[in-house]
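Shown next as structure tokens: one chain only, the form predicted on its own.
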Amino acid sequence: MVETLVQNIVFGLLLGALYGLAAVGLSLVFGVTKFLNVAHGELLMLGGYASFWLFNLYRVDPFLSLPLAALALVVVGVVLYLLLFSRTVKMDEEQKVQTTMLIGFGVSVILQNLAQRLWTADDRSITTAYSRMSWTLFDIRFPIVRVVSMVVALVLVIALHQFLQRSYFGKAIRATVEDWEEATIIGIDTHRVYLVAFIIGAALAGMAGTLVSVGYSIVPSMGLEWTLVCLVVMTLGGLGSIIGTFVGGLILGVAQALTAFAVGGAYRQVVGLLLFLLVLAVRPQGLFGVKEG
């Protein structure tokens, strides 16, 4: 029983890393722009399909296709921002959240139906020569694909954190988050900052989709589930904390794994909603967020 418990925790951490990577993109977009893009899960789905077809048509290894999936989602992000989301930039915060949420719902429905028409509703996944390989340590199995995915997710999150902390444009993004009006006065192009934040979030979603397709499976209807997961993780980790959001994903993954171990897999999704409500009630700024004022 102890080995089974530890094995479940390991699987929870590996899945939680994907939760964290996906949620970091949504957290960045919302933190900078106050756009609540509920089509974020569909962007992840598109990234998964991009890598799936690159592998099946051209035999491109899924981990090598990460930059290509990111580039494809950058293009999608630019189109969505310029055609739809940019029109809400001048709205006040509350109206912006409501309007972008409605826009996101529309985009979500369109992308989901388009994917189903193009690629059917069948589950898809990438099966490579090393997909079934694993390491064993103290009778605990570590699937190679999922371990590498976790390492890639961690590297991407750390790289984003360093970009925001050390680069000039990263500092411009943080200044815009603090006070966009003051940032505009000192010469920061906030519209450009919003665009860059949006496409970074889309690129992270695309790469998360690639990692999901190689370790799990993708389907056109997966977007809503992943958007809800990202919202829970974003709330759990706290807005404004990139590393905190990633840790929030790990916490959710382990919590789901322990729930499945204790009471069955049918209840693993419920624990996310319970954590969401608990954090909102006890610590609304999240576990790693900073309380305003």
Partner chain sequence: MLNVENINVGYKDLQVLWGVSFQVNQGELVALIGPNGAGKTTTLKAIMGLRRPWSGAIYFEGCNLCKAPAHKMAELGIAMVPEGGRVFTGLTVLENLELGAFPPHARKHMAQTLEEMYQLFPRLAERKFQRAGTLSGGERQMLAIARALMSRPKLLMLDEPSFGLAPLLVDRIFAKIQEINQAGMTILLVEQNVRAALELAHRSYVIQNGRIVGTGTSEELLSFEFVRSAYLG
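Fair warning: this is a prediction, and the values are worked out from it, not measured in the lab. Positions refer to the first chain, counted from 1.
The form predicted in complex with the partner chain is left out here; the points below concern that form.
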(request) Indicate whether E181 is a 4.5 Å heavy atom neighbour of the partner chain in the model of the complex. (result) yes
Non-hydrogen atom contact L160 with the partner chain in the model of the complex at 4.5 angstroms:
no
*Any chance A172 has a heavy atom within 4.5 Å of the partner chain in the model of the complex?*
yes
*Any of the heavy atoms of V75 lying within 4.5 Å of the partner chain in the model of the complex?*
no
With the partner omitted here, the residue among I186, L71, V151, M133 that in the model of the complex has a heavy atom within 4.5 Å of the partner chain is I186
Which of 195 to 203, 164 to 172, 210 to 218, 142 to 150 lies within 4.5 Å of the partner chain in the model of the complex, heavy atoms considered? The stretch 164 to 172
